[in-house]
Structures are given as C-alpha cells and as structure tokens.
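One chain comes next, on its own, written out as structure tokens in the form predicted alone.
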C-alpha cells in the first residue's frame, strides 16, 4: 500500500485534475490512499473570507464567497457533462457554507477558521473522486473528520493516535479487503483536516496535508509516501526566491526534520516523525515529470551535508522583552515568557538573551500576535520590529555570506556547527 498526496498546485485547473487521474492510473501499484489539498490558492481565498466574515464586512464576504464558488464550478464544467451529479454535490457544500456565513460569528476565530477554510478540501476531493469514477478508476471518498481524530486546539489540532488508528483501520481497511481482486483500489480523503470526538472540524496547521499523508501511512503501515509537487523533488532552496537551486536526491529523516523546523515549505514540520517511527520512506516527485525519480527521505544520512540549504521566512517580528524591575533574564522570567508564548500559540523561530533582555523572532499572525503582545506588556517592557525576514542556511561552510546578505541590515544573528541564521531588514536605500 502507498499513500499519494497532491497539493493545491497539482489540482489547480481542469488540465491538472486530468494529470492527477493519469498519475493515479499509471503509477499506482496495489492499494492506494490519495490525500488531496484545496485547489490552487483556494485556502488563501478562504482565509480572506474568514477574516471578512469575522469582521462582518458583508460586501467583501459575499464577493469572496461567490468568487471561490465560481472557480470550482468552472473547473467542474470543463471536466464533466452537463447535469452530472457532481454539480449537486458542489452546490450542496457551498449552500451549507453560504448559510453558515449568514449567522453572526462566534468569539473563537480559530473555530470559525476551521469550519470555513475546510470547504476547500471537501470540494476538491468531491471533484477528484467523481472524475476518477468517470475514468473508470474504482475509488471511495472518505471524510477526514471521521478518520483523523484530534483535540480541540483549532487551527493546529493535536492528533489522538490511538483513536485515529482505530478509525482508519475500521473505515479504510474494509474497503481494500472488499476490493482485493481490483488491481488498484483508491481511497480518497482530504488533507489538512481532522475532527474532534464530537464531530467538529479541526485543521492540522497550515500546509498540513503532508502531515495527513504521514498519519495515514503510519496507521496503515504503508510501504511509501509520495508527495507530488511542481518541482523536480526536494530542492536546496525555494526556486521562487533563490537562483540556481539544486536537487537533494537523498537526505535523512533527521535532516528533513531540521529543514522543516527552520521553515522549508516543501515538507510540513510534523510530517517526518510518524514516518521515522515506522521507517516509511517519503518520496517527493514532480507531477509534471512523474517518470523521474525525484528525491527520497529515509534513514540514509551520508548525503546530508553535500549541499547548503537556504530557507527564507518573511513577515517576521523581532521582539525584545525587558523586565520592568530590571531583574535578570533567568529561569523565572524565561519560564514566564515561554508560558505566554505557549498560551498564545506562537512558535519561536529564533531566540537570544542577555542579562536584562530576551529577544525572539516569530511569524506575524493577525490574531495571535496582538494577544501575545497584550499579555506580555502587562509584565514587561517591549520593543519590536515588524516586516522582517529570517534567513537560515544549513551547511553554510561554502556559502558566500556577504553576497547572500547584500542589501539587508542584520538585526540579530546566530550560528552553530551546522546552521547559520540572520534576522534582517531590507535596505531600501
């Protein structure tokens, strides 16, 4: 059994959907679980919809909603004949969302976010499942809410592994047993989504579809996970940001976890751990050139330091925290600061301290940042800069640092045996 994961770029338009069907038909050998993200940039659009809804900007809410709905209908119209049942399924999903948006929002933004943004994955998988059936590929659609059982930490839910394993085995395995004489039965479900034991929708964190694939591979003891991307495989940098990127053909789980932790977007940070536990290899392949080998992540570590890897994170905040009583930044203050970050759900990307200050770099978030600053300023004096960048280089020995940082002002830097990091501000002079 294998697990395939297709991201938004791989299902962004009718031609892409057709390509996915061809990949499933031609490169699946045996039972297959397919995890699918929202189409194209739908999640971004649904995030804007959530913000407009939460702020009660009714005109914006209506226009964004109609744009998202029409985008999916346009794709379906090019894939299916008129009056196909898929149009009723799409209409029903958007009908429920529309009437949800007519009610006033609750006080929990994260709860509303998960309820609204999840629509993208649902509609995407509905379209793909129906299209595969049209092409004669036997498949079964599953609701991820009943497969991935989580806690109630909306927008970044934690997985209940025992309940999830039981749910997956109870629901998906019988399908494969019933179709054991079919060469390639396909189970389809949504990436990014989970559900509480009460049936409320949760999400696993932004770009969480990779994590979904890893969870399902772990619970089903799959032989391999393949993530299909619009790049040849794992690259040592984002080609949209850095020139002359190189393919990392084989790296270890540990190296991939480090890259993910520092912000490499090709793999979700949580994805590797369940695969490592069961030694399930993860392959990253191009959906443009599916016949190519791509990259593989496994136990092999001899190639980890052959190429430097570059990671750029934007929309960073550098916050410096000073005790109002001029007490030292020692265990008591550090413990209190970390508690506030944990309470706000903010992940620290880089930190540094002196005797009287503690500086941290983290991602800016429309909701979490203001809550964090509000709580911290009750106890501490604060100074911060917004709109910064965090540059990370793994295996930096052969890197031209001066060229890399050209046109940027360094506000903070940190270096260890394998990793060099800078918090920088662009110099527009």
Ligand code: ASP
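Residue numbers count along the first chain shown, from 1. Note that this is a predicted model, so its numbers are computed, not measured.
The form predicted in complex with ligand ASP is left out here; the points below concern that form.
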202 to 210, 137 to 145, 151 to 159, 218 to 226: which one contacts ligand ASP in the predicted complex at 4.5 Å, heavy atom to heavy atom? 202 to 210
Since only the chain is shown here, I'm wondering whether residue 61 would be in contact with ligand ASP in the predicted complex (any heavy atom pair within 4.5 Å). no
Under a 4.5 Å heavy atom criterion, is residue 34 part of the interface with ligand ASP in the predicted complex? no
Looking in the predicted complex, any heavy atom of residue 392 within 4.5 Å of ligand ASP? no
Determine whether any heavy atom of residue 50 comes within 4.5 Å of a heavy atom of ligand ASP in the predicted complex, and answer yes or no. no
May I ask you to list the residues of 24 to 62 that have any heavy atom within 4.5 angstroms of ligand ASP in the predicted complex, in sequence order? 37, 38, 43
